[in-house]
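Quick setup: one chain, the form predicted on its own, written in structure tokens, and binding and motion questions come after.
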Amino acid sequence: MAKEGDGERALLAAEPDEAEAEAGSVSGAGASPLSALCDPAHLAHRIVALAFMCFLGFGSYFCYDNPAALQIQIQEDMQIPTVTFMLLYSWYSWPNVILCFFGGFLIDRVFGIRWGSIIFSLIVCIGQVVFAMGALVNAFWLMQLGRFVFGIGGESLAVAQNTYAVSWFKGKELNLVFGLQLSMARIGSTVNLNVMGWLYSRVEGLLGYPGHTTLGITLMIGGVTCIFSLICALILGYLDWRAERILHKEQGKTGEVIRLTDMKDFSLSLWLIFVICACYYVAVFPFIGLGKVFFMGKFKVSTQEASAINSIVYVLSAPLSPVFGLMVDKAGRNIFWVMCAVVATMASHMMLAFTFWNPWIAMCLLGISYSLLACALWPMVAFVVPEHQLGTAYGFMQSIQNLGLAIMSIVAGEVLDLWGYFFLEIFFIACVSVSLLAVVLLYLVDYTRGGSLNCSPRQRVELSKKTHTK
């Protein structure tokens, strides 16, 4: 995961005028100057590169929730229970329990950013094709293998995407760039949840019957988005190579130095942040993976409306994430915002469990709280660990998150098969309750130790000065 401070190492960190002069000297005194769109030192060219950076992960995010969009079809066509269906999400998460520690290393030391993004994009494509082939030949084990391969490429591709952003843009631009990339990722997820069911019905109409063949063709068509992202990786690799040649800049680095020995130095505050992360996200992503059928069954809505309700979390996250990020940067008080997000998420699940209120209300609340938590929780890691341990801390946080998702996805499917959606919601409420308890403990620990997690930015600076003067 790229951090804001990485902007100091930006490929284009030179001032525009200096970079343009350097580019001019390379092309020769007699050569005509490059146009704005062709000059890697110019903002217009960097905006073009940014467009390809945003689309680099579009296919991965689009296909990640293919199972959620086609839950009914997958369970009926492959004749599997819910707990088996949720293995499609678990197998995505399992490789990332380990790869979170080595994805950055592979990009920095083995492949390089350009070949790394191309290779991981290709792995995503292969995984989606294997996933679709499993449906075509009616082999669910092959579908699971496809999701495992897909998971190997998906998370590492996100690391490559962030590394490109850091290498092309300055520190002051990074918040906006990361916000735009996150927005495009959420758009990919939203389009998937609202399109794949419709696409399945169209393929069914052409073939004249449903079944695993229809499912396989639908998933194969969805994989076109992964090919599109692979093309973006190839183009972006060329643009980055060209910028390096013209501006004499080094390739981007993730800055993620992983030292597992650093774990012994992790503070109690950091471990509580890990608990909050793991227990919170298992109440969001597995729920979205199972939500469509829930809305159709309990609230008697159509398939199209159920898909729309299920995707509203991602729809709201796209515009709100940059806004909330700016708000938290200006206001500070990270623990307060995390607590608000966790309480709102619990209220959302309680509404869905105990009332028949319009589900749009609960899901909009979930979308708002999900966006707020991401902006307030992840930056707190940088406040409680030294800079040289950030790579290890973030890698471990992602590893725990993926481990929780891998295990709890299976548990959620088992609960649903045995006791139904009401007890599934109780299970999610219990997970969020543990997260809330961890937030309260984090506040108490931080307060008693004179920490800065719930300070305003000004108070945080003053506290830092006092610490350094002692």
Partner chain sequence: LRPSSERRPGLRGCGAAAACSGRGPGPGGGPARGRSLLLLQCLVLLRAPAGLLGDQTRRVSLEVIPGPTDPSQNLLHIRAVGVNSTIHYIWSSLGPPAVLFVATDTPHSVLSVNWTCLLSPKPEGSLAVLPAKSVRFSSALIFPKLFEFDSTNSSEVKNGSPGKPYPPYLLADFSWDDVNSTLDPTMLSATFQGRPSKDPLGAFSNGSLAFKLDQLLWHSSPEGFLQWRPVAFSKKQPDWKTALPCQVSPPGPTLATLLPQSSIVRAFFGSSANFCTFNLTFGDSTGPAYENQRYLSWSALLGVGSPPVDSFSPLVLGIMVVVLGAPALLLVGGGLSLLLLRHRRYSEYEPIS
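All figures in this text were calculated on a predicted structure; none of them were measured in a lab. Residue numbers count along the first chain shown, from 1.
The next section is about a form of this same protein that is not shown, the form predicted in complex with the partner chain.
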{"query": "Distance check, residue 426 to the partner chain in the predicted bound form, heavy atom within 4.5 Å", "finding": "yes"}
{"query": "Exercise: residue 416 in contact with the partner chain in the predicted bound form, heavy atom 4.5 Å", "finding": "yes"}
{"query": "Partner contact for residue 319 in the predicted bound form: the partner chain, 4.5 angstroms, heavy atom", "finding": "no"}
{"query": "Distance check, residue 200 to the partner chain in the predicted bound form, heavy atom within 4.5 Å", "finding": "yes"}
{"query": "Interface stretch in the predicted bound form with the partner chain - options 428-436, 399-407, 37-45, 51-59, non-hydrogen atom within 4.5 Å", "finding": "428-436"}
{"query": "Site test, 300, 350 and 447 vs the partner chain in the predicted bound form, non-hydrogen atom cutoff 4.5 Å", "finding": "yes"}
{"query": "Among the candidates 354, 357, 102, 241, the residue which, in the predicted bound form, approaches the partner chain to within 4.5 Å (heavy atoms)", "finding": "354"}
{"query": "Interface residue in the predicted bound form among 329, 305, 76, 387, criterion: non-hydrogen atom within 4.5 angstroms of the partner chain", "finding": "76"}
